[in-house]
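As structure tokens, one chain now follows by itself in the form predicted alone.
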Amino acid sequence: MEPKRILVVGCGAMSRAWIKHVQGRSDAVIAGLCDLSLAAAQKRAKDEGLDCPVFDDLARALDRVAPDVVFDITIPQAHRQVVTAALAKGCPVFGEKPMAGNLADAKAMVAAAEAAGKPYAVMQNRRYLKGIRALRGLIAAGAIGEPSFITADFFIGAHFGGFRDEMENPLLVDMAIHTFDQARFITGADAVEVSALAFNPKGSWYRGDAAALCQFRFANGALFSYRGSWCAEGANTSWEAAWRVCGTRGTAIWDGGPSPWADVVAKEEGFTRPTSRVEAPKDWAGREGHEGCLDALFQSLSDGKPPETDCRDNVKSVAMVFAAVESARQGGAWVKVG
């Protein structure tokens, strides 16, 4: 079987991880690079040792390369244009998160994928970690009973520079998508409404709101509480956040590392019930992070089945982001999700 021809659109720093992944595969090859800056595409080709055509025009790149898959690694505001153009050519798309810069664009991209009958899947690399897979398995097995209260704390002092420093809502739009998607993944439930506050703490180096407090109600009745800051200096959490999942029979804890665990009621007696520690099973053998997600996306093409991070699922996580942004705009009013 001939290797799948990949057109990479967007040649910034993030494109390196995607290109390196393909260079390690035998069933795919980088067939072209495209960026609004031809110099950026040329530099990426040189830096990664690629001998392929480079373009600064997407339509011409799609026509000339005739790719089997398009990698969309552009900024969020450009995702709709890239994804819909590729789908119109009958080409599957794997894209960076978040799906879009607003919910209307995200919904339009889902509609384009359905109309084309081709997959559009999103990079949600934090689903592909041994720790989160173990945590989800622990909860799904009923170790803590029925989850009712989930909390996630995310505190990182991230000095990126570049476009994030100028975003209106850098934390909610560019980062919280990961944590919100993780909450859906861990619980197997979808959010229905949110109350959120977004703000920019003293000393922040961001122009927009780099911190937020969000409360989500989920369809199964559970409450998810998120506290986050991208300008928190010192005592940082992991990039995967620090989680507590309270259930009817116990509590699961995950600090973002490989070993979540649960404290489970052992006896029905005492003012506070005696508990026992339960370790989460570590039985997921896939690769982690970007590698794991891309492995799953390529496997989905081979299987002819929608991937876990298909746009029709991921739009539910994106909807959480923009509902939180709207709630914050309204001063914390409860807003329906999606």
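Note that the structure is predicted; figures quoted are calculated from it, not measured. Numbers for residues come from their place in the sequence shown, where the first is 1.
Absent from the display: the form predicted in complex with a small molecule. The rest refers to it.
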Check your understanding: N169 near the small molecule in the predicted bound form, any heavy atom under 4.5 Å?
Key -> no
Review point. Does S148 reach the small molecule in the predicted bound form, with heavy atoms at most 4.5 Å apart?
Key: no
Review point. Is there a heavy atom of W205 lying 4.5 Å or less from a heavy atom of the small molecule in the predicted bound form?
Key: no
Practice item. State yes or no: in the predicted bound form, is some non-hydrogen atom of N220 no more than 4.5 angstroms from a non-hydrogen atom of the small molecule? Key: no
Revision key, fill the gap. Counting only non-hydrogen atoms, the one stretch of 189-197, 253-261, 221-229, 159-167 within 4.5 angstroms of the small molecule in the predicted bound form is 159-167
**Study point:** All of H21, A85 and A108 within 4.5 Å of the small molecule in the predicted bound form, heavy atom check
**Key:** no
Point to revise | Contact residue in the predicted bound form, from A140, A104, I75, A115 (heavy atom within 4.5 Å of the small molecule) | key: I75
Revision key, fill the gap. The one residue among M123, A152, C214, A211 placing a heavy atom within 4.5 Å of the small molecule in the predicted bound form is M123
